[in-house]
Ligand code: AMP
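This document starts with one chain, in the form predicted on its own, laid out as structure tokens.
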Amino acid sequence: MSELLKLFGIDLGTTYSCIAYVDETGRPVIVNNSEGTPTTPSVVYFESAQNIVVGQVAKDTAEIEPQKTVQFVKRQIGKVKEVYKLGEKPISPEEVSSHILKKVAQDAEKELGAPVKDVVITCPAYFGDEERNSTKDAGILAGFNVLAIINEPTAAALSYGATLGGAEKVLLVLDLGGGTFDVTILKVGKSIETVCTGGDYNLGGKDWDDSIIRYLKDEFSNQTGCTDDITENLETLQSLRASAEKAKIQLSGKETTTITVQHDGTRARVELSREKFNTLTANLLSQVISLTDDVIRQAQEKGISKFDEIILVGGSCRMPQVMEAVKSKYGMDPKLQDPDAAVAKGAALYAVMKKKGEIDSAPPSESKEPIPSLPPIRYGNGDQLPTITDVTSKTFGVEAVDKQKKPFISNLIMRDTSIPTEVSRTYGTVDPNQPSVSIKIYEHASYDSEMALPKDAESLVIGQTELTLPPNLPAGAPIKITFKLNENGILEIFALDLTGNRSVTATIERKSSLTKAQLDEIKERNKGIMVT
């Protein structure tokens, strides 16, 4: 009998990460870390050039050595090149994220006695091309075969859909994690179809913590007369951050809590009630509802006028204020669905589906080695796996010019379009005998088919290339541009000269993800590093 292949789903979170696999019965199972808990803090402590600590120990150490600690890296992945400097060596968000992935994988390997190789990693639904590619690069740096990058709400819906017994439902999924917020409407049953999605990668439990921190700072000043901004002291700030998170959790189960604030040898005791906490964070809750309303409006434009259930995932959905506000606004009791584990479990189910697809589509092998068997998946009321249709949370376009040669953005793939998708459009050259065409690619959140260049246009550019043209073309010579967006939300662009029988094809290079040379260099550098 061939060996049963273990496939894994990883929820790479802003504040906590989690890993799951599908067991021999087809059930997704969370693997506890070496500390015996299902989630691992997404905190990395660079103890030395040869020893990197990840998880709870790193989080605790952040209060003592904050300058050596990196947190909330998910908010920076795909956006910045460097988040830390180890000696003279810049460390990218992808590299930091790879250490988090290695930690959860190592712990799973110790627990299961099987290597973690084939994985699906999750990301927020509104992540764009750069963030998705960077997330995949983090997985490659961790030594994985990354089967797919899947949207977190889709993973949660897959996990929940497996419990529905084949029922067809429209779900409103709110995923409020430690650092990000996703809201998605999906049709779930024999298939899982994303209708539309939205969110904010700068809205999550951390922002509720920050509100408490500001309150503690002001109360400390009121009680002690201290005029300094105590949050400018890194050690004090880390202590406040830990106290704020603890208070937030306590206020989910009790009406008041007391917090001790210490700074520069001075101490203050601050009482915080749930009512006060709700007041301090009312603006954040309003953002959650506003973003949810936006997605509901978009769903209505696509013919979905109601939903059957509201599903809450993400640890921050445990806050009573979230559940109360959602019920009050939408007149329906939300279901808190395995908030810390649903995303990783759904990703593990998807990993089996992807691997099955790879094996089924592969040409017959001449190798005599046995092909590992896959665990079964029980979905709904049978063995039939669901088809999954996602949408893009971004709009993609090119820079074009109008008759007055004024530049604008011409959008080819619109936000909330089902993926994979391929769209082509033909443009014309501007001048006679034009030697080349510069193709600039934009990614943004607008629903407009055409839009004027905004002031921050350059920040929306995700790639650019030059298409060389044959000589003696007239003005208006046709150039066909094709955008191809795959099921992982990763974009490929092709440009074609349609004059005569001559053609040229160009592919846009990814803007800010790591090159193969950079990936290889980081892998080589990290060979002797221990991640604990």
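The first residue of the shown sequence is 1; numbering continues from there. Just so it is clear, the model here is predicted, and its values are computed rather than measured.
Although it is not shown, the form predicted in complex with the named molecule is what the next lines describe.
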So in the model of the complex, does any heavy atom of Tyr21 sit within 4.5 Å of the named molecule?
-> no
How about Asp416: is it within 4.5 Å of the named molecule in the model of the complex, going by heavy atoms?
-> no
Does at least one non-hydrogen atom of Lys206 fall within 4.5 angstroms of the named molecule in the model of the complex?
-> yes
Looking at the partner-bound form in the model of the complex, is Gly161 within 4.5 Å of the named molecule by any heavy atom?
-> no
Sort through Ser316, Ser134, Thr392, Ser92 and report the residue having a heavy atom within 4.5 Å of the named molecule in the model of the complex.
-> Ser316
Among Gly178, Pro124, Gly198, Gly78, which has at least one heavy atom within 4.5 Å of the named molecule in the model of the complex?
-> Gly178
Looking at 441-449, 224-232, 247-255, 290-298, which lies within 4.5 angstroms of the named molecule in the model of the complex, counting heavy atoms?
-> 247-255
